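Each of the two blocks below gives one form of the same protein chain as structure tokens; they are labelled structure 1 and structure 2.
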Structure 1
């Protein structure tokens, strides 16, 4: 309404609505109590029968309708400015319309192999080789927390991923790291982390969730001395953890054990393939010496351009029906899920046993070793062969599943097994013994050469152990 010249405008009074409470939506948090200057709101004393919570109570006699209590309320329907008689909750179907029905099942977009072109070999340390392998495998998402002696791998990913339209996130902790990997893997994307022994321990709960929810992800664990914080020297301290303690419940994951920078690259690439093939975390297990050791690395002929699996929670209409979850509240449902996981583990065991054999065809002394100790063991085998002793190196490339099928073929000709490892208590030997026992295989006597705390077995020690045992057997009249 316009007002003529010389006339006075009439004041307009707007009556502000006072709040009213829907007690079934009140959690009794007390934020509205703190916001009210007139003390119109007090803590309640009666439990609401629908919620089991205690809502606040109002006395609006002194209320000025300032609205601060409504602003403070975190519940969208807890406090409302309308009179209660006219307030109605709206059905979401009315607000947003009928829910669209996506197709029954989205299509899988397959991976493609892209020619890499010719490139000269690189001379890089083990952690760098693993990072390069991840990039060539199509990984564009890294989550991690720095920890010696694995940090250099994360640093290289931090440098390269932004240039490749990738994402590098330094998490606030190892616990945050594994949960970020859960989310990324659940979207069907390739994610990885570098860690070391104490950090890997912190990730185990999240890894168990990933196993239960069938979420892929690659964990490169550069082992160091333990227990506790231990030190940053090389050790094979996490074999037991990776093979038998991968989180709570019925959990297993393929464990790959490289021994050279070249294998750090190759087995990291393989890890991504296996992780998505079985929808399960995969561990690349190496020691601190290998992580820091520099070596020659030849790049593959092709790299991976990843597709998108049909099960991914991608966020679009086609994948709307997909669900990633590890909780099964019904006991029969959880048992059924564990039985399904057991069948998947059996498939991994049947198909993914890998080992490298060096001069094992006629060996009567089998030396069993992996990671950096396998390099010393290989030198010892060559020395023993020079002395006329038929020694061979059996090198597991998978610790879980242990390559028992390959060693079974060698047992009839073997008179002794010598396990070489950098861990106390014989963690590698335990894996060997357990696998032989489960397979029901008779085996010759098992001896060992061990160090821990960051001290690696040396080739001369292995030679001395084999030759000393051989001499003792001859003295006792036992065939050497």
Structure 2
């Protein structure tokens, strides 16, 4: 059936079209009724079978085509100007004028790795090394809120980014920060922040949205003493947050743990790669000491000039149909999405476990530590070796996923595990225990050296712990 041709109110004297309505798209709100000075519209009386609502009815005898009723109708496909030509009712889309040409499918513009040319090594502190790593990884957008002891990283970005035509934004809070990163990352670009423990807590909500909506972004958390305001000295007490509590919902993200200024640079660069590879936020966890630690940093051979992923909401024609969203109203849809995320986490777990092994080959005492405490532990291992004790350092570079594959081979030879960390409750130890248990791995007794409040375990303490319990065991007749 065609409509329009036979209508007695086809435009004749006026150029403007009269209103037209497909009753199934009328919600019967009546807003159009009031708007018509000519009283052409009246409340309906019949329930529409498809909607259960009562559409309005028209008598366009006196209609002047003023258009006011159309601009009173809240429905996009409600009251509209009558189409000029004949059309098929079955195809309502053609009713409403010419359609925009749907955009072509966007294509991913790949990142390029550009040779850096001759560059001499730098002597910089950890936060600076991380900021420089971000620049080399193609990050030109920084959002952040000052918080000790992470601020130097932000300050360096504020200094350097304008010189590379990048953007530095000091946000109103950490909450705003993470959401600016959500916008910038959603646009397909590399965004980062520096923060410290209390600030990281504030960002977790936003990180959960990023995980849900698959938005990349790099968070460098220079951990400080807690809980609460705690102090600004180094701790490792956000391991639990980063590995087990990355915001609400079914979240996970790769957590990298550097120990040297060099690794601050290297792992920050890696963080951007991983973040975009998996479309997921990545956390670089370090401690206040490492942030302040100055050391030698050699630059990589290449830097990244980032492309643009096909999924980006960039604000152009090609990417117009893209959407960044974390809401999934229907239960099956959300479950499907969560299962998809779990598959992604499984892929990260399979591919991204990383650890550094120091004198582990024949070790029967395996010290486990990351960040600055791992350096103290390394010194301790060296001393212990000097005393003839076969000690080794197992240093996770990823805490999530925990490098259980790498520790597995070492377990049969190890008689003891000693976890060294700067958290009172043993957050690193929890990660170790959980991973061993999930993998069903038998393990020797686990001991620990812990400090918190900004005090770091010292090499001498680690040595003492290892030798003291060795002596104790010997006394008890247990093989050391």
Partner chain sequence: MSVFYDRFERHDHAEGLKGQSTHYCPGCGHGLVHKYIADAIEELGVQDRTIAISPVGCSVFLYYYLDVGNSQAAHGRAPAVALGHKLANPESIVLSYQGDGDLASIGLAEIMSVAQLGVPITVVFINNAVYGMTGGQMAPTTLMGQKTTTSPYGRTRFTGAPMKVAELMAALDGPVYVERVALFDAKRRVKAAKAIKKGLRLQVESKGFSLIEVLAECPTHLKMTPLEAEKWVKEQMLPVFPLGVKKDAVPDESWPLPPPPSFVPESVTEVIGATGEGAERFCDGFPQTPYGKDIAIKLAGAGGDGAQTAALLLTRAAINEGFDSTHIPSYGPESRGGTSYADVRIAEDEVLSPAAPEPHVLVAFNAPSLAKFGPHVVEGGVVVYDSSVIAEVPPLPSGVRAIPVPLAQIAVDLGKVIVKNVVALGALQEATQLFPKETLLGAIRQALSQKCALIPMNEEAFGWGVKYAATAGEGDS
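Under this definition, the rigid core comprises the largest set of C-alpha atoms superposing within 1.5 Å between the forms. Residue numbers count along the first chain shown, from 1. As the structure is a computational prediction, the values presented were derived from the model and not from experiment.
- Here the chain taken from the form predicted on its own appears as structure 1, while structure 2 comes from elsewhere.
- Once both forms are overlaid on the rigid core, the distance between the two CA positions of residue 21 between structures 1 and 2 is 2 angstroms or more.
- Once both forms are fitted on their core, a CA shift of 2 Å or more is seen for residue 51 between structures 1 and 2.
- With the core superposed, residue 439 shows a C-alpha displacement below 2 Å between structures 1 and 2.
- Superposed on the core, the two forms differ at residue 31, whose C-alpha moves 19.4 Å between structures 1 and 2.
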